[in-house]
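Only one chain is included here, represented as structure tokens and corresponding to the form predicted alone.
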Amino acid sequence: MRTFIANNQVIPITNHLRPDGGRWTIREKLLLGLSWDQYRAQFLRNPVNWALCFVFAVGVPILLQRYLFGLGSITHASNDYPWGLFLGFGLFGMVPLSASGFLLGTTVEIFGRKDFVPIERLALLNGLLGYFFAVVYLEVDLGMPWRLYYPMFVSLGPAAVLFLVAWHVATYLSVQIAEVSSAYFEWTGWLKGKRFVRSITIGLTIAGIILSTLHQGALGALFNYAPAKVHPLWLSASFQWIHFFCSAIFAGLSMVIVAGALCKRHLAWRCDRRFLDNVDQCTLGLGKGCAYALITYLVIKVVGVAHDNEWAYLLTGWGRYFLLEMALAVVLPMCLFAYGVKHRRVGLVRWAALISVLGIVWNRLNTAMICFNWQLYREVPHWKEIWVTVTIFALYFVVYRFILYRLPILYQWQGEK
């Protein structure tokens, strides 16, 4: 794209009007102002696209196999290990990384921190796509997507945590669609829709706070269904909900830091000066929030161990593994965040955010899979299960990139209020 932009001053598109006074059509906007031959050329020149095509070429047939022959044809799922990578990574991992939507929405719209406006829409989009693809992973695991509404409307279970999670995720996903829709309305030129969304922004933000806070904790409460199966160091019945909620705070903020760094490095052509000039300062502000959230999470984890009197487990092999997770996924990024923010080392804060993102995924895999049935055999995911997991994540990446290329997420749409 950089080559085409250097040779064509009318792109990237940032408003409705072409230089000749006409209006860009939707087709031209989708093609980023390029001709079809130019668009195909830039697609074929990008090595990332070839890697994605290889992933899809292998993954899509395996995904079809799952729906034609059942979950057992591509996984090692059993009554002993009902939750594999589709839920361990796709649901339990993606949801906390998507907490950025309600966190930045609250920061900007409720607390009035307008200095974070340049990355607010990026955080909202990250939250929307993260939740949407968490549902995709869930449907791949459950099958029969046409019955998605059954536990919510037909076979009700108001006393069940899963019923609570289903309703919260569905309603919060609707809230996030509404929040991000203002960027779509700007892109299409429908000002009435944009103004309507703007008029209900506070209500949407408050709804997001309530719904996200509840279901982040409810995901942790799910593990209280099987208190004897999860290792005691990863399950504290009295604190599990707050462990999941508190960890989602630094996970969501860290994900925005990582996404912002990638956009600045690889999508600078699509970013405007407002984003590029403020992303480093926003990164330091988010890093400070991550440091506070991490030390809070660490204290609560220690309180959980003390409350349940599980100190003896720390002397076992599982205890050493637990301490390794705490050291690498909590203490290390916490110290890096604190040092980086104090000394204004933006690069260090970004590395801390990457470690934090990987750490939260590690924690969720530990809780849902590795330390599940810790007194029995170890579940090793089938290679097809791993490939399908990567395939869906690759689709998440493609959709994320497609939207960032076009909608005013990293830049301001010109000529409209």
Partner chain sequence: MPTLIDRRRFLRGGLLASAAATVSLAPAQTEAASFEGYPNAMGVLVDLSRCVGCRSCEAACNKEQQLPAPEKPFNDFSVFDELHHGQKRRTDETRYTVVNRYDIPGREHPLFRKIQCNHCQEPACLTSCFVNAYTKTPEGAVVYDPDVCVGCRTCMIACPFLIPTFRYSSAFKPRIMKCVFCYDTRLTKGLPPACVEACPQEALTFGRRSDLVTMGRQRIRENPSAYVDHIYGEHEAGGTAWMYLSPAPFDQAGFDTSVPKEPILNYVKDFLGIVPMVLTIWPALFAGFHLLAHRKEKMQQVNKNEGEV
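None of these values were measured; they are calculated from a predicted model. Numbering follows the first chain given and starts at 1.
The same protein also exists as the form predicted together with the partner chain; that form is not shown, yet it is the one meant from here on.
Looking at P82, you'd find a heavy atom of it within 4.5 angstroms of the partner chain in the model of the complex. Proximity of A166 to the partner chain in the model of the complex falls within the 4.5 Å heavy atom cutoff. For the chain shown alone, L214 is a contact residue for the partner chain in the model of the complex, at least one non-hydrogen atom being within 4.5 angstroms. Heavy atoms of P151 reach within 4.5 Å of the partner chain in the model of the complex, making it an interface residue.
This chain lacks the partner; the member of L324, L142, A312, C335 within 4.5 angstroms of the partner chain in the model of the complex by a non-hydrogen atom is L142. In terms of contact with the partner chain in the model of the complex, the residue from I300, L173, V258, A221 that brings a heavy atom within 4.5 Å is A221.
Although the partner is absent from the chain shown here, W146, A228 and E379 each have a heavy atom within 4.5 Å of the partner chain in the model of the complex. Stretch-level contact analysis of 93 to 101, 184 to 192, 236 to 244, 279 to 287 against the partner chain in the model of the complex, using heavy atoms and a 4.5 Å limit, identifies 236 to 244. In this stretch, 299 to 326, not one residue has a heavy atom within 4.5 Å of the partner chain in the model of the complex; the partner itself is omitted from this view.
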